[in-house]
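What follows is a single chain, given as structure tokens, in the form predicted on its own.
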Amino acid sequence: MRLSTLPSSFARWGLAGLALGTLALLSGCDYNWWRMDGHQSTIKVAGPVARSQLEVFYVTCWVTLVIFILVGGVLAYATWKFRARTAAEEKAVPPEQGHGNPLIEVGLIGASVLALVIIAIPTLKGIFYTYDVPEDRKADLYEITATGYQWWFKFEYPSEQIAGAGALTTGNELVIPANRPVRINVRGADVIHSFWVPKLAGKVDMIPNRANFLWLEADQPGYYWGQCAEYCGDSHAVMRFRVVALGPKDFNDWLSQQTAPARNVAAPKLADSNAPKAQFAALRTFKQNETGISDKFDVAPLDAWKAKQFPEKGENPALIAQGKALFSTKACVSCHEVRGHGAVGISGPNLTHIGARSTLAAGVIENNPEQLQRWIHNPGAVKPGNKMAKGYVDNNIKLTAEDEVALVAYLQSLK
């Protein structure tokens, strides 16, 4: 007697579905699925913490793949062997059903426990390894504090103290030494955020009034994408940051630059008839949700970042001076700090060296004159619900095209 009277059409469609599901699992949605090296890939990793977590993932994948093959194979075999082959069999009364075999049931329970043990061993090992910097590496530890805001990240370097200004502070770009363990103390200033650099380490929540931390290390100098991984409001999806890992010399040079006051560009003397005059350019129209990252930047982001560390060619001192004055009169100083220029705001990112950063608006757009003017012109269109857009309304701030271009020139000069 047959164990079932499944219709032949059910058998055919079941096997077809199994085949298509397997193909989809193996191929993914991209013809280059085997590369898996996107900006936020968790497969192509670049640090020991991410590598440890990847190993746990692989073990889990292999165990579940074996289970899938066994269960899927038995299902396919039973579906094919016991299918109804004729119309009469399709109409036949189902045979008497059994209620299991104790030996098989005990065996399946044992196999399940064994599968869990196989997964648990590397998981526990990975938890202990990624929890904190290993003891033999703590002598070389570097420490940074990351604070999440709606919707940007503040990074403080407690070991880099600046006279009269406290610890070195930057926004949205975390620069770290390569080949050196870095402990990140994560904090939340308003709601729960989550700190995640996929190629370097897993996610850790940034919870208000609760200290938390993680550690990471970059195998070599590089440019890595980070993201808030906990829904935190309107612009959660565009709350991003970058991690820039540098060699020892480059990192020390960067620290020297960042701990210095904001760069000053001397304004031309009024009597100097040869001094360049302020010139203005109209803002082009941007499409809704238009990308703000160029292909050139996307291909070589670390090179683009390094190029930003030097003053722009063809600077206009008159325009920069005008922008510096506007920065004070348009209330920018109430939210942002520019060390050495009299701006001491704390509610927004520190802009002392904003011109040396590669991205703007928490990693959403590239830091170049065009994109910076786009941000200043309408911050709410780039990052909905942000406090800068609200500040424009609350303080009745209105900027002409000439004002925007002058502010761009000033901010780009802050290297």
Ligand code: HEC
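Predicted, not measured: the structure shown is a model, and the values here were computed from it. Numbering starts at 1 and follows the sequence shown.
Here the subject shifts to the form predicted together with this ligand, a form of this protein not shown in this document.
A.B. asks: If you check 118, 325, 78, 331 against this ligand in the predicted complex, which one has a heavy atom within 4.5 Å?
C.D. replies: Contact with this ligand in the predicted complex is made by 331 alone.
A.B. asks: Select from the listed residues 307, 189, 111, 335 the one whose heavy atoms reach within 4.5 Å of this ligand in the predicted complex.
C.D. replies: If I apply the 4.5 Å criterion carefully, the residue I get is 335.
A.B. asks: With heavy atoms only and a cut-off of 4.5 Å, decide whether residue 400 touches this ligand in the predicted complex.
C.D. replies: Residue 400 lies outside the contact set for this ligand.
A.B. asks: Would you check, heavy atoms only and a 4.5 Å threshold, whether residue 151 touches this ligand in the predicted complex?
C.D. replies: Yes, contact at 4.5 Å.
A.B. asks: If we define contact as a non-hydrogen atom of the residue within 4.5 angstroms of the partner, is residue 47 a contact of this ligand in the predicted complex?
C.D. replies: Outside the cut-off, so no.
A.B. asks: Please tell me whether any heavy atom belonging to residue 409 falls inside 4.5 Å of a heavy atom of this ligand, as the geometry stands in the predicted complex.
C.D. replies: Residue 409: no contact with this ligand in the predicted complex.
A.B. asks: Okay, which stretch from 81 to 89, 341 to 349, 211 to 219, 67 to 75 lines this ligand in the predicted complex, with non-hydrogen atoms inside 4.5 Å?
C.D. replies: Among the candidates, contact is made by 341 to 349.
A.B. asks: Scan 381 to 411 and write down, in order along the chain, each residue with a heavy atom lying within 4.5 Å of this ligand in the predicted complex.
C.D. replies: The stretch touches the partner through 383, 386, 387, 388, 391, 392, 395, 397, 399, 407, 411.
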